[in-house]
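Shown next as structure tokens: one chain only, the form predicted on its own.
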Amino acid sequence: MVSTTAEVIYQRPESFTDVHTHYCPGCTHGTAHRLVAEVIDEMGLREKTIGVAPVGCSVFAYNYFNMDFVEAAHGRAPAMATGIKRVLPDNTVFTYQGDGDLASIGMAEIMHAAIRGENITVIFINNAIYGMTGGQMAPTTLPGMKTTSSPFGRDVETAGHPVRMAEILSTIDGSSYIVRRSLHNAANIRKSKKAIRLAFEAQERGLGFSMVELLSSCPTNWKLTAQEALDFVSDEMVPVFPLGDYKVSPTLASLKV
């Protein structure tokens, strides 16, 4: 006899709201959102989690997560998260930031949050460009990469080299977990979810500052198809921003997730 009961293998996480996002087709912000939501659900943290949204493409993140959320001024998400976590130390607090928000206008904020060892979690989306404001060169734009403000390609002699945030933050004593992952295929998406889980575990165990950098695609501003954009992450971004664990607390290294 054939069972008429369907097994649910994929559904909307409880930590998501039932709304359509505003992200462009092929953008991996949606993938990153889902990974964060799944981890929060699996860890049973939703009722005590507070997210901090940035200024940038993910400025409306508070509409998509079914939990308490606040909106920070441009680049100030780590400072806002610091205040929330210090006032509400039993809550889980995370920021979700892009490369312009975190590595440009917010560089001082993210650096000093790590230096202080603030017990917060940072999800850092690196797509090597300013997405929301029209595709200008970002701190993470690749050498030779064309943007609206570098139409002939980024010239490192005049604009400098891409900023590698995972490498920088891993040198700071207050950091407990600093890794870089990518969202360009299924295998790397699975690795990204495990990293996000460990970053939240770092906070729950009081280990200090944690950050997961995720290489992400921006088909619209890169002027590529969705598949071409994923290939660009794999072929062009990964060589400049090597994937890997840059700093892992021994407590986390022993965990199986």
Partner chain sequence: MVKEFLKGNHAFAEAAIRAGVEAFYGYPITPSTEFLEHMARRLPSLGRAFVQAESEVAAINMVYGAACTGKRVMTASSSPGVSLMMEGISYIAGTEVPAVIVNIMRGGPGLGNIAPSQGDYYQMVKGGGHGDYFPIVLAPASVQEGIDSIALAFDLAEKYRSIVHVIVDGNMGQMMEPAELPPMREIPKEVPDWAVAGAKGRDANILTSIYIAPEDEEVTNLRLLKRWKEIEKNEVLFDEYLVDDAEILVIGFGTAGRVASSAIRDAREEGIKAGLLRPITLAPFPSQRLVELTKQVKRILVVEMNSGMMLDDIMKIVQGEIPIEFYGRMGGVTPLPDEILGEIKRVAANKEPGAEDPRDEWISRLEQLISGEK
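Residue numbers count along the first chain shown, from 1. In this text, all values refer to a predicted model and were calculated from it rather than measured experimentally.
Beyond what is shown, the protein has a form predicted in complex with the partner chain; the following relates to that form.
Q: Picking from 176 to 184, 155 to 163, 108 to 116, 137 to 145, which part of the chain touches the partner chain in the predicted bound form when contact means heavy atoms within 4.5 Å?
A: Selected stretch: 108 to 116.
Q: Is the gap between Ile172 and the partner chain in the predicted bound form 4.5 Å or less for some heavy atom pair?
A: No - in the predicted bound form, heavy atoms of Ile172 and the partner chain never come within 4.5 Å of each other.
Q: Is there any non-hydrogen atom of Ile168 lying within 4.5 Å of the partner chain in the predicted bound form?
A: No, Ile168 stays farther than 4.5 Å from the partner chain in the predicted bound form.
Q: Can Thr49 be called a contact residue for the partner chain in the predicted bound form at 4.5 Å between heavy atoms?
A: Thr49: yes, in contact with the partner chain in the predicted bound form.
Q: Taking any heavy atom pair closer than or equal to 4.5 Å as contact, tell me whether Val59 reaches the partner chain in the predicted bound form.
A: Yes, contact at 4.5 Å.
Q: Can you work out whether the partner chain is within 4.5 angstroms of a heavy atom in all three of Val70, Met80 and Gly83 in the predicted bound form?
A: Result yes, every residue of the spot touches the partner chain.
Q: Looking at Asn91, Ser104, Ser149, Thr133, which has any heavy atom no more than 4.5 Å from the partner chain in the predicted bound form?
A: So the residue touching the partner chain in the predicted bound form, by this definition, is Asn91.
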